[in-house]
Ligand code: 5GP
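Next up: a single chain in structure tokens, the form predicted alone.
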């Protein structure tokens, strides 16, 4: 594996480049990808962003979003051709090829050099170049670092800055999470100096709710929230029927799990969502309890220490029962004083 700075020489001549990120991209995933794409455009490279799945409408304001290729039946052949012809494949905001679903096999077999820029735990060894740090609050922060390391800071414009700022803002919980450091503020300030409009970004991401999303949130809080005080745990379990009742769109449950975690005394929160392809899970925790370990060990997932995801191919009822049964094994951790 080579140091990321080595790419400065590689990028000195025009390259065919693919940028990809994890399935169901969030603001950090898409913002990092588009920010990097816009930067590489300025270096006159041939760049495409390919996502394994679609993403929420509240992210579609980002500059360059209209160029994103979603890897689906309609674009499968085109996507695979682009990946196979690429000189470089940037893999952003994921640490394992399984996180890009079926696209992972295509990327893994491609001849182009892979570049991993990520901040999740336990990265796989599939990239020739890597910029990885679990100390970074977001991948967007690392993309900014990469741009600076190869001498591109001067060509960051407002569009690039807003894409990267969106990733930093959301992955820090609007600068509320424990991952906020001086570096986070320094990078954010630098992006504001480059033209990032912080109020605009916040408005577009957080304040563009549909009526259905708010009604779903109200239902979840009043009818679906379960609190297990014995384990300092709270969770939501949403059936596919409920999601259809509120015409839930991708991204409508974004941030819901944080409401459970916000309850006084809660150390572990979870969201279970039923879908055609199994149960999707989001886990959040505070202090020393590792939801990464919980998700990796029991629910085919992983992520960060205090924020992780998982999945289950059993039904919703059995998945939730398994989760509740596991809490007995973690009771000492969940109830100890921190």
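Quick caveat, the model's predicted, so the values are computed rather than measured. Numbering follows the first chain given and starts at 1.
What follows is about the form predicted together with guanosine-5'-monophosphate, which we do not show.
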| query | finding |
| --- | --- |
| Residue (of 311, 42, 60, 298) lying close to guanosine-5'-monophosphate in the predicted complex, criterion heavy atoms within 4.5 Å | 311 |
| Proximity to guanosine-5'-monophosphate in the predicted complex (heavy atom, within 4.5 Å), stretch among 48 to 56, 278 to 286, 30 to 38, 65 to 73 | 278 to 286 |
| 99, 120 and 307 each touching guanosine-5'-monophosphate in the predicted complex (heavy atom, 4.5 Å) | yes |
| Residues in 242 to 277 close to guanosine-5'-monophosphate in the predicted complex, defined by a heavy atom within 4.5 Å, in order | none |
